[in-house]
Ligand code: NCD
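As structure tokens, one chain now follows by itself in the form predicted on its own.
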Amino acid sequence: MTKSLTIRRPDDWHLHLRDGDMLRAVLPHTAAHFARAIIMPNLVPPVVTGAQAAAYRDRIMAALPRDADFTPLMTLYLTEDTDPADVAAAHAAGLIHAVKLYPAGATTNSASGVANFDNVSKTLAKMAEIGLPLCTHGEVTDPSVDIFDREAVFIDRVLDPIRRSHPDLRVVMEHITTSDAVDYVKSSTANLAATITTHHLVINRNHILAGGIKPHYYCLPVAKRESHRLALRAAATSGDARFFLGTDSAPHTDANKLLPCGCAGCFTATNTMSILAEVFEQDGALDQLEAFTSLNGPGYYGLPVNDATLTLTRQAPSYPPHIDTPDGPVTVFDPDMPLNWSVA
């Protein structure tokens, strides 16, 4: 039985840090284990220009613990008014590493997102020209489409037409939740990859709804049926370089989660690596953990693999049930299973 596992230090290719007091409270939990992270731009107001991305990066760096070694990889929020020249300049300066597409109204702070995709065609063309990835929140917001079908419909109605119109555009399907998305990535010949969250490897929709509503398992995209969860696990543990970790760790205070209309998001930054080690061991794939967390993402984004390492030991970890913030407690994701791996 393996008692310890040392891997290259991991990265998180989809992370919400928020701002202000919340940023200062949650950032140390990511920086403790992860060397880099793709930072989501859906603040209020959103990060839509290079200047705003630079200012946000400065606030993140100011919030880092003094001894932390962490690099935020900034993104811009795509709107119908995004200036392609500003995107290109921010990319050329090494400031941004992706642009994020939110369909308007799809998730937290997405009201400024895209409603008419024809209006972003020039920006997408410029991104394809300069090799800048588009990260997608892959759900349609058509109220006639069932919430459990919105990812599959997004592929057909939005993503596939975008990729046909811009074949050189590099795309990351973020936080995929269905076998449809897994199959779509596998069928692609070039330029397409996907992130998978920690929580979608662990929970299905029963965790949210069976035996009473459990708001701390509610996220967007919402967890799907068990067959989809198993497809995600097979993809994550396969070693396929097109799949890599993006936690989508999304902090909300308990007061904002436990409402008649509560916020979507699971806060997993604290215990992700212990959970992933458990998942990969359960599936007989501990030897693929490093690829999923530390190798595949840098490979897709064209960045070097981290020199530093992280060691996991076979020892039951102890994590707090919540973290304290000035605005109130944030519940740490409960994987609903015993954990047997700790970060040394």
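The structure displayed is predicted, hence computed values, not measured ones. Note that residue numbering follows the sequence shown and begins at 1.
Keep in mind that the form predicted together with ligand NCD is missing from the display, and what follows is about it.
You can rule out all but one of 259-267, 118-126, 148-156, 236-244: in the predicted bound form, only 259-267 has residues with a heavy atom within 4.5 Å of ligand NCD. This chain is drawn without ligand NCD; in the predicted bound form, the residue among H97, H216, R229, H175 with a heavy atom within 4.5 Å of it is H175.
Although the partner is absent here, N42 is a contact residue: one of its heavy atoms lies within 4.5 angstroms of ligand NCD in the predicted bound form.
Though the partner is left out of this view, V185 does not reach within 4.5 Å of ligand NCD in the predicted bound form, counting heavy atoms only. Interface membership of T107, defined by any non-hydrogen atom within 4.5 Å of ligand NCD in the predicted bound form, is confirmed. Looking at L220, you'd find a heavy atom of it within 4.5 angstroms of ligand NCD in the predicted bound form. Of all the residues from 5-19, those having a non-hydrogen atom no more than 4.5 Å from ligand NCD in the predicted bound form are H14, H16, R18.
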